[in-house]
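Quick setup: one chain, the form predicted on its own, written in structure tokens, and binding and motion questions come after.
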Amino acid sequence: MTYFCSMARKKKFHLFENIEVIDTAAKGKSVAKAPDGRVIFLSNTVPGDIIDIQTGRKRKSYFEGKAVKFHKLSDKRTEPVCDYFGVCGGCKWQNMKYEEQLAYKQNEVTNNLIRIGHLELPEVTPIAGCKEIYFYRNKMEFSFSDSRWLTQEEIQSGKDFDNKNACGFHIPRMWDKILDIDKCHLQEDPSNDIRNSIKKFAVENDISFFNPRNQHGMLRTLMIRIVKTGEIMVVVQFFEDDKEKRELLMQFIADKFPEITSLQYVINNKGNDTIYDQDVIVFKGRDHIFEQMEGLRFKINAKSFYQTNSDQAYELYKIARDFANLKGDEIVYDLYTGTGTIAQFIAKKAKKVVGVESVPEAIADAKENAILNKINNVEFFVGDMAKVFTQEFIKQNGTPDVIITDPPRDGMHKKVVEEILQILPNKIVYVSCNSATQARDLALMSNDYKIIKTQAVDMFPQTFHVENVVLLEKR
């Protein structure tokens, strides 16, 4: 059944009744099909739901819509634990049972490899799920705002909200709207207590919250890192600097949470929140914390990249190492090495490891951590991968027997793939956070390499994100 309604811009809407949601899609959406066969992408359903759908945006070959009535709830559903589910932009699959999340992630990876890459797959190793499906993140970033997001219920109540200060997350697609969060289920205690205490103290002591539109206010962002060693880092970012109030707040945090290992702040009055070009100032403790993995220690500072799920990063690295199956006499290249965690993790099983990364700060961390861990058979180089990874570079550093590559979401640069096919190492271990671009790259190498193993890894429960590891061997 279809109906049309007239609005200011005379947009056409459709209502489709008693439609079954049949699958998941990219970016956490689910999928149904209209009576004419066109796909409908939905944001508030779970496969198995039977619903009435009101469409919004219409494209040539698909609709975007939302469920306006539920006739039957899917048995794949579960009750979300978070009060902000559906408003906050994170944890979009929190209403789906975890075993179902894993099944859909596994299915996405396999489908991408087959449909996009047209690849022949061996028997697929089951996805590695997380033991901890909540409170698993070691790093969280929150934003302050003096004009918090009001829910529809609050707006309709007609109440006058005097205190609109917020500390929480951006509303999806609204850069200047912040949802105030009381309890987040992604980071273990004392994360929630630290955030709520800072907000409460700031309100009580008239410390202003940031207004991103008008560019004024003191409190801008808050970063909290809590790692498996028990060490804690807190970084407060200020926009305006009032020394008296800044020191008052920082001393309050230090006194209330003496367990904080590294308490730092940034004064950033530029147009964006990034701190990578800013000075980070230590208020109390060290300028770093340490994470540990299988006897290795990794120094993490305020600007460091480190996998945000420590436990599952360990599982991911073990799978990559097992796939490589090093004997001890191999030269290994770790492309897109980041801070060199994989390189150092496999170093004791290799003759030599060469890591390459485009971010100078990451390579500085990698070199420092290698010294800290007394690893002498790793070398790290900084530069654009497509420009650094050349025949001349290989002549200087040795021909790799094994290449491990862990590129960003866009996948490997075409020139990097071409260089790998010039070298033709015996094995390639391809770690990816985007199986679609991974499939594209693997297809380019399929004439020379055969897929021996593939295993997905769930790094982020309650979300649609999934990693995948593939082992290639030369044909």
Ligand code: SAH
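Residue numbers run from 1 along the displayed sequence. The structure presented is a predicted model; accordingly, all values stated were derived computationally and were not measured.
The next section is about a form of this same protein that is not shown, the form predicted together with S-adenosyl-L-homocysteine (SAH).
Inset, instruction - With heavy atoms only and a cut-off of 4.5 Å, decide whether residue 406 touches S-adenosyl-L-homocysteine (SAH) in the model of the complex. - result: Heavy-atom contact with S-adenosyl-L-homocysteine (SAH) at 4.5 Å: present for residue 406.
Legend entry - residue 342: touches S-adenosyl-L-homocysteine (SAH) in the model of the complex, heavy atom cutoff 4.5 angstroms: Contact with S-adenosyl-L-homocysteine (SAH), yes.
Legend entry - 4.5 angstroms heavy atom contact with S-adenosyl-L-homocysteine (SAH) in the model of the complex for residue 212: Taking the distances in the model of the complex, the answer for residue 212 is no, it never comes within 4.5 Å of S-adenosyl-L-homocysteine (SAH).
Inset, instruction - Answer yes if any heavy atom of residue 330 is within 4.5 Å of a heavy atom of S-adenosyl-L-homocysteine (SAH) in the model of the complex; otherwise answer no. - result: Although S-adenosyl-L-homocysteine (SAH) is absent here, residue 330 would stay clear of it in the model of the complex, with no heavy atoms inside 4.5 Å.
Legend entry - in the model of the complex, segment of 259 to 267, 333 to 341, 137 to 145, 174 to 182 with a heavy atom within 4.5 Å of S-adenosyl-L-homocysteine (SAH): Within 4.5 Å of the partner lies stretch 333 to 341.
Inset, instruction - Note which of 278, 358, 78, 192 lies within 4.5 Å of S-adenosyl-L-homocysteine (SAH) in the model of the complex, where distance is taken over heavy atoms; exactly one does. - result: Answer to the contact question: 358.
Inset, instruction - Tell me, out of 201, 393, 305, 98, which residue has a non-hydrogen atom within 4.5 angstroms of S-adenosyl-L-homocysteine (SAH) in the model of the complex. - result: It is 305 that has a heavy atom within 4.5 Å of the partner.
Legend entry - Those residues of 365 to 394 which, in the model of the complex, come within 4.5 Å of S-adenosyl-L-homocysteine (SAH) by heavy atom: Going through 365 to 394 in order - heavy atoms within 4.5 Å of S-adenosyl-L-homocysteine (SAH) in the model of the complex - the hits are 383, 384, 385.
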